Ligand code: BG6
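Before any questions on binding or motion, here is one chain by itself as structure tokens, the form predicted alone.
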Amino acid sequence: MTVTSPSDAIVFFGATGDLAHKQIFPALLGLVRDEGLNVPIIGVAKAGWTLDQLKARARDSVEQHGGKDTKPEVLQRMLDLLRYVDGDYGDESTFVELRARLGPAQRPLHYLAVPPSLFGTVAKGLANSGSAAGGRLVIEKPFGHDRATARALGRLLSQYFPEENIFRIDHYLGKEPVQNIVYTRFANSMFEPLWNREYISSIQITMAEDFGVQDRGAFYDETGAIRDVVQNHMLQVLAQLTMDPPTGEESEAVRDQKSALLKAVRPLDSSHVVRGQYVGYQSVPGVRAGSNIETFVALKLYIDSWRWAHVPIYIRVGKMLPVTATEVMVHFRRPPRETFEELVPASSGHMRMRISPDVSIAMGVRVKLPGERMVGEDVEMILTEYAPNLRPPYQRLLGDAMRGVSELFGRDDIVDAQWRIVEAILGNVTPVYPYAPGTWGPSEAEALIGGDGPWRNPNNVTGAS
């Protein structure tokens, strides 16, 4: 595996913002506590703040989002590392001051917790001040609004940073249960012979949320479910689930296989898409009257490869559904004949991977009922189950970015492949069906899955579905 020198400073733009408060400060605290982080941490924002105010913000962040067992001395160590630059991102003097604050640091990690419209401005300012040389750039999704804008963003950033130093965060990839999908597949030889079109009949991936868009009305009404979670989170889960095993020891091996898989996914068309909008969405502040943005979408995908030819893959995401849970259901084909002449459901036999809020892996099998007759029932065996007391995704991802480990980050060709899959269904190309809050979306989604159904609805009980 390629060895790179770790970053010797962290700069995070948008230091006074919501993302920094909810995610970045707790992640930095975790790095100080668990990995001995001991480099300058420089916050940059245009807020008219002082360093003392930033430290107060960090302390409040840790109290609210960093866990109740934080030791005072650990928090103090993080606060002692903090620096602050207050200035406009469009002002050259802001970056001149930043370069001075970096001192002898030659490999800073620059984290952009700012709107995408500012990515180019900040990257240019870093380059002009000498802060980009030897540095790494971390950006948050969305990586463009469609394929064309994503490509334009890639060209823009490449003027200032080489691709190997650009880290595109999809926090979903930092989740331990998502990583467990790949590990379980490739660390157990029993699964690989079954993981193909000969033994798998269909796959379902469901990401359900029991809440609405809340205070994100204006953002969500420009985005919708496809752009918000399908194009990135769900396609990344799909890649983890269906890619071929990585080869070699290079850090790019995993991303090479993801890229190959996503390039083989057939672009979506309107006949394989059902969009919905929960009743009441248009009353949310920031949402346009008559909006046709989807808060629910169900998709039918195919992967044009030998391994997955003709295996339908269904993805369903939505807000204001009955529960908050994310699950993968892999349905195995029935034996070529029913030896015991039973009427067995086509969905009998599955592997279930629960990603959130709890974590579990389970196998659905058919077992004999007690008695003389050779008849059975479907049961589920829980292979593993544990509480989500795991390292937060942002801590994992920031630590990897500092070490130059790119495996869990988006790559330019991967992002392009993801946009290629959804490009034809962006915008108002299919009807938007209303659905009542607390239901599983519009009934049209059942017609989409048809004979491969029904949808397997996760519930809020640990280890159940």
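Just so we're clear, the structure is a prediction, and the values are computed from it rather than from any experiment. Each residue number is its position in the shown sequence, starting from 1.
Beyond what is shown, the protein has a form predicted in complex with 6-O-phosphono-beta-D-glucopyranose (BG6); the following relates to that form.
Colleague: Counting only heavy atoms and a 4.5 Å cutoff, which of 190 to 198, 109 to 117, 306 to 314, 228 to 236 contacts 6-O-phosphono-beta-D-glucopyranose (BG6) in the model of the complex?
Modeller: Residues of 228 to 236 come within 4.5 Å of the partner.
Colleague: Is 6-O-phosphono-beta-D-glucopyranose (BG6) in the model of the complex near all of H21, R33 and D60, within 4.5 Å of a heavy atom of each?
Modeller: Per the other structure, none of H21, R33 and D60 touch 6-O-phosphono-beta-D-glucopyranose (BG6).
Colleague: Flag D86 as yes or no: does it have a non-hydrogen atom within 4.5 angstroms of any non-hydrogen atom of 6-O-phosphono-beta-D-glucopyranose (BG6) in the model of the complex?
Modeller: The answer is no: D86 has no heavy atom within 4.5 Å of 6-O-phosphono-beta-D-glucopyranose (BG6).
Colleague: Should D256 be counted as a contact of 6-O-phosphono-beta-D-glucopyranose (BG6) in the model of the complex, where contact means heavy atoms within 4.5 Å?
Modeller: Judged by the heavy-atom cut-off of 4.5 Å, D256 is well away from 6-O-phosphono-beta-D-glucopyranose (BG6) in the model of the complex.
Colleague: So in the model of the complex, does any heavy atom of K175 sit within 4.5 Å of 6-O-phosphono-beta-D-glucopyranose (BG6)?
Modeller: The answer is yes: K175 has a heavy atom within 4.5 Å of 6-O-phosphono-beta-D-glucopyranose (BG6).
Colleague: Look up in the model of the complex whether R333 has a non-hydrogen atom within 4.5 angstroms of 6-O-phosphono-beta-D-glucopyranose (BG6), and give yes or no.
Modeller: Flag for R333 set to no.
Colleague: Consider the chain as shown here, without its partner, and state which of K319, R275, R352, R136 has a heavy atom within 4.5 Å of 6-O-phosphono-beta-D-glucopyranose (BG6) in the model of the complex.
Modeller: Contact residue from the list: K319.
Colleague: Using heavy atoms only and a 4.5 Å cut-off, determine which of H145, R151, R216, R391 is in contact with 6-O-phosphono-beta-D-glucopyranose (BG6) in the model of the complex.
Modeller: Filtering the options by heavy-atom distance leaves R216.
Colleague: Select from 203 to 225 the residues with a non-hydrogen atom within 4.5 Å of 6-O-phosphono-beta-D-glucopyranose (BG6) in the model of the complex and write them out in sequence order.
Modeller: Stretch hits, in order: M207, E209, F211, R216.
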